[in-house]
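Before any questions on how it binds or moves, here is one chain, the form predicted alone, in structure tokens.
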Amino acid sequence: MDNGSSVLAHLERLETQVSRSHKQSEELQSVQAQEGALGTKIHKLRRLRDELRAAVRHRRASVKACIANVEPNQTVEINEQEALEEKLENVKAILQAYHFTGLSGKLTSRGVCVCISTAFEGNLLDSYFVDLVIQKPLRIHHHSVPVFIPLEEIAAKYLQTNIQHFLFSLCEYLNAYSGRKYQADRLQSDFAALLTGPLQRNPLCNLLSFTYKLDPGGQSLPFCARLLYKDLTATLPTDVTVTCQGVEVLSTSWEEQRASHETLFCTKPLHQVFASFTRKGEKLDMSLVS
């Protein structure tokens, strides 16, 4: 029995080895088949690569031949036309993207006519247009921008190199001018009772001077104010001077009031400051200063 058992065990080991050998042989055949398929695929891809390279070389040669047959002036004209068309598309994109910021426009036979609508504190004010000719160099055909706005200076800086910057810079100047003019108009129309003389202003509305009293019928001292806007893109003054008319030396209370007026004019729109005067009478609404 022991000899029989050992023979059976030996046979089982031989069967296991044969089975394992068959399995390894099958795996090897599978790997070889995969390698063969990959090799075929690599060969096809290399052939496709070579075909594409040849096509690219042929295309380049054709383009060079076409360029060689074109007159130099024609080539320049084509490049310039493409550049002008790109600028026109750029302007159209700017107008479309910033329609709700006051910029709008329409295409013309020459290029594009841009409309700039100004506003201050949510109030729609004046509108201005600039008719641009899209050619080389770009130029302004016609416009309604006031003569005291530095349009030529802005155009010289940005029109040929950055149309977007040109339009935005012009918007800044026009909006600031409209905002200053709006404040001066409101002072004259809504608070004329507090003014003791005419409001003096230059066309750009960046220099205002006026005399006012907080109680027109009372005995309060008249104040003289001078507001200078050095920054033409701003709606608040950069320099403010307030003095008391006819008085060289002020009491402490009047000096404090004069100084507080200067602070108010520097930090708040003109009509808002006078609205505070009207509400409080001689007592200033100092909450506006903060």
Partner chain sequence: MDETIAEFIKRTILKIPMNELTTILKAWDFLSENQLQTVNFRQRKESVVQHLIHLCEEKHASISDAAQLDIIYMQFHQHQKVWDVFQMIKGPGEDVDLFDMKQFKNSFKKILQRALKNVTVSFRETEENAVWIRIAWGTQYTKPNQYKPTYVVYYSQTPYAFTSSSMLRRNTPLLGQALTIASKHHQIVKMDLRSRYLDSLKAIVFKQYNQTFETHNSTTPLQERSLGLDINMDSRIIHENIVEKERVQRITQETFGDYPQPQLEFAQYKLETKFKSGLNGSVLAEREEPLRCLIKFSSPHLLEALKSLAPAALVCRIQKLLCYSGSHSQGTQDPSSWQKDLYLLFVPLYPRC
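What you are looking at is a predicted structure, and each value in this text was computed from that prediction instead of being measured. Numbering follows the first chain given and starts at 1.
There is another form of this protein, the form predicted in complex with the partner chain, and it is not shown here; the text below is about that form.
- Taking a 4.5 Å heavy atom cutoff to the partner chain in the model of the complex, the contact residue among 196, 189, 123, 160 is 160.
- A heavy atom within 4.5 Å of the partner chain in the model of the complex is found for one listed residue only; from 103, 184, 204, 119, this is 204.
- Residue 213 falls outside the set of residues with a heavy atom inside 4.5 Å of the partner chain in the model of the complex.
- Within 4.5 Å of any heavy atom of the partner chain in the model of the complex lies no heavy atom of residue 221.
- For the chain shown alone, residue 110 is a contact residue for the partner chain in the model of the complex, at least one non-hydrogen atom being within 4.5 angstroms.
- The closest heavy atom approach of residue 226 to the partner chain in the model of the complex falls within 4.5 Å.
- Contact annotation for 136-153: residues with any non-hydrogen atom within 4.5 angstroms of the partner chain in the model of the complex are 137, 138, 139, 140, 141, 142, 143, 144, 147, 148, 152, listed in sequence order.
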